[in-house]
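Before any questions on how it binds or moves, here is one chain, the form predicted alone, in structure tokens.
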């Protein structure tokens, strides 16, 4: 009961402090914008630790954060090898290939009414295909190496990126295009000087969405065949061994990698689209 009372006290106190900061004039300051989410995250971990210890939850049900941290520190070499196999080789390579191909194909679709009316409806169908159905097929085609994981990532992210690219290229208004024509600009000068800059918020929206999908796709693909390394492989084997602390350590690596990857894309977006209203600061 002491642990549960301590957890309740921590939760109430942190909630009160966060509410005071978030609803005050301090909320616009940089330190407050960082402090509020950090405090919220730390509070969840502390409450998680207290509840698990207070209720004596078995390891096979839910390990405490301290147990996960110990496992994380003890298996850093294995976790690093899994990270390189899944994220660097599988997710990142598939992300670059898929987003690059979708961007180039989006420009091609933008120039063809046939592709706009014929391909885009099909893309919605393809994007709805379940990964658990397509991943085994691609693993059979490309083998158990990272190539099959990259192929799964490409299939997952190609159409979301394509739709965002095509939608972004249509963002420039007819008046803006007419103005470019009065200057004697052809298709390519108009594309590079008007339409691509106007499309950047949509393109980066696609890049941010697919940054999370890429890692998920690579991990899920490893459940259907992988060498003896990788996040998906480690999670599936650790679950079979009831080593839930290792499973949560892998989840922690995936969460950190995904968050940093998304943050890097968002940071690049801020620098590229500084002129857009969504990026302006008071």
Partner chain sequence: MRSVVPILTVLLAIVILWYAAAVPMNIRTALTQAERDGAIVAPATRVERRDANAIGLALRNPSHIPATLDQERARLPTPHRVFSELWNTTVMKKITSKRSLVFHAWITLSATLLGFAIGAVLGIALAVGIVHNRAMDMSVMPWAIASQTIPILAIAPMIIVVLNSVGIQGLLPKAMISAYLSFFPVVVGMVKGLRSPDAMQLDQLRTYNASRTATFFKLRLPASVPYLFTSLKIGAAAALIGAIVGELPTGAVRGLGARLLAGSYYGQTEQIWSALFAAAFVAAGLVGIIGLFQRITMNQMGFNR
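So that the term is clear: the rigid core is the largest set of C-alpha atoms that superpose within 1.5 Å between two forms. Here the structure is a predicted model, which means the values were calculated and not measured. Residue numbers count along the first chain shown, from 1.
Another form, the form predicted together with the partner chain, is not on view; read the next lines as being about it.
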| request: Choose from 177-185, 134-142, 161-169, 198-206 the stretch whose residues reach within 4.5 Å of the partner chain in the model of the complex, heavy atoms counted. | output: 134-142
| note | The one residue among 61, 228, 70, 55 placing a heavy atom within 4.5 Å of the partner chain in the model of the complex is 61
| said: Quick check on residue 117: any heavy atom within 4.5 Å of the partner chain in the model of the complex? | reply: yes
| query | Might residue 125 be said to contact the partner chain in the model of the complex, defining contact as any heavy atom within 4.5 Å? | reply | yes
| said: So in the model of the complex, is the partner chain close enough to residue 129 to count as touching (4.5 Å, heavy atoms)? | reply: yes
| query | Would residue 215 count as a contact of the partner chain in the model of the complex, using a 4.5 angstroms cut-off between non-hydrogen atoms? | reply | yes
| Residues of 77-113 having any heavy atom within 4.5 Å of the partner chain in the model of the complex, listed in sequence order | none
| said: Tell me whether residue 17 is among the residues that move between the shown form and the other one (Cα shift of 2 angstroms or more, core superposed). | reply: yes
| On a core-based superposition, does residue 255 travel 2 Å or more at its Cα between the shown form and the other one? | no
| request: Once the core is aligned, please say if the CA of residue 29 is shifted by at least 2 angstroms between the shown form and the other one. | output: yes
